[in-house]
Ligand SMILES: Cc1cc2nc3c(=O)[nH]c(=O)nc-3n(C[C@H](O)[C@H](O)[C@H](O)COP(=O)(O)O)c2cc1C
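Take a look at this single chain, the form predicted alone, given in structure tokens.
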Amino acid sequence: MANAAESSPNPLPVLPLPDDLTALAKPFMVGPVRVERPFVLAPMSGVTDSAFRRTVQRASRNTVGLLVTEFISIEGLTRSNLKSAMRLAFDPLIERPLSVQIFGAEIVRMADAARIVADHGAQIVDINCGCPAPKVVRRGGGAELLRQGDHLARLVEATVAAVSIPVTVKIRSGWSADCVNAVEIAQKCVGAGAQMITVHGRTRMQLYTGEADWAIVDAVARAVPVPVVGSGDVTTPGEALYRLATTQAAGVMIGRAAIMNPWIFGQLADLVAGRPERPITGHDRLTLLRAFRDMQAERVPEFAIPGRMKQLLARMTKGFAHGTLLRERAMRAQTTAEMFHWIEGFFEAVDAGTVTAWADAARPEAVER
């Protein structure tokens, strides 16, 4: 079986990590909120809903240091939009500590939205200043705030004044290669009361292309007196520890790698503790997907579940022999039951060592006989 986790497109240099890896995995404080492990689940639009956050937390044995929601519009939140309210939902017994990320540009509405977040029971409210999507930027939110430093400072100051929970800010390295201003923006945000900064090491114009620049993460961490979390291109536990060892970042944010490998935070905990990495079996993956399906069913109608499943399945099966065929069959499924017919057969065959036989029977020409 091929390794299910994608390797980094740009492998990091071999680094002799300290014998005591716990020195790299120190907790940090966001105001009064203690983050026990410096590994953060990234906010991903359309991905990190409550079901996904709980799936990752359970798969990783409750070792995620901080969970962050997908971003929520301050317009929708303050106007009682149903979709925004659903994005705010979380399980307080599993999803802790929880940061709710909000986005927008209006100062009064941002403060009002933060109050709603605080009243809902979140431990932290995070302001998104990194989203590069044109529909967000055109309205003055997301990465556009990187070009509006004074306005952003007022936005943060008003939000801090509105709530008693910590306010944090997620930024990019800058707007473009000609405007890399993360240090200046971070200093303005901290001056206005932000208690943590997350830096994605790409500019807005890069979108998600090229390599993340961790030198700018390090520069920000050295320039401000609050914890800085770095984000970008962390795909393995070893890479997460490498970034902590070679920068002053207090934490590392993991995003797309957690879709491919929801066990990654538990693997990090094992690596730090000196425990051998436990192989992830087909049964483990099938159990996780079933649990994810059941959690989705708690909040979304049946017809919407296959779409959510396809997103997770597409990432989780990369690198598997005949994974492409599974994706083809599952992606065409119209119901959850039909999708799981293919998923269950595939992962049972993975553990039995009979994937080739499964593929022979699953090809369209065989099914249509």
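Counting begins at 1, following the sequence as shown. A quick note: this is a predicted structure, and the numbers were derived from the prediction, not measured.
If you look for the form predicted together with the ligand, you will not find it shown, but the lines that follow are about it.
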Quiz prompt | Contact test in the predicted complex: D213 vs the ligand, heavy atoms, 4.5 Å | solution = no
Exercise. Using the partner position in the predicted complex, report whether D49 sits within 4.5 Å of the ligand, counting heavy atoms only.
Key: no
Quiz item: Heavy atom to heavy atom, is S45 within 4.5 Å of the ligand in the predicted complex?
Solution: yes
Quiz item: With the cut-off set at 4.5 Å between non-hydrogen atoms, does G255 touch the ligand in the predicted complex?
Solution: yes
Quiz item: So which stretch, 265 to 273, 227 to 235, 151 to 159, 290 to 298, is the one near the ligand in the predicted complex (non-hydrogen atoms, 4.5 Å)?
Solution: 227 to 235
Quiz item: Only one of T203, N261, Q101, Q123 has a non-hydrogen atom within 4.5 angstroms of the ligand in the predicted complex; which is it?
Solution: Q101
Quiz item: Though the ligand is not shown, can you say which of R285, K170, R243, R87 has a heavy atom within 4.5 Å of it in the predicted complex?
Solution: K170
Exercise. Counting only non-hydrogen atoms and a 4.5 Å cut-off, give the residues of 52 to 84 close to the ligand in the predicted complex.
Key: E70, F71
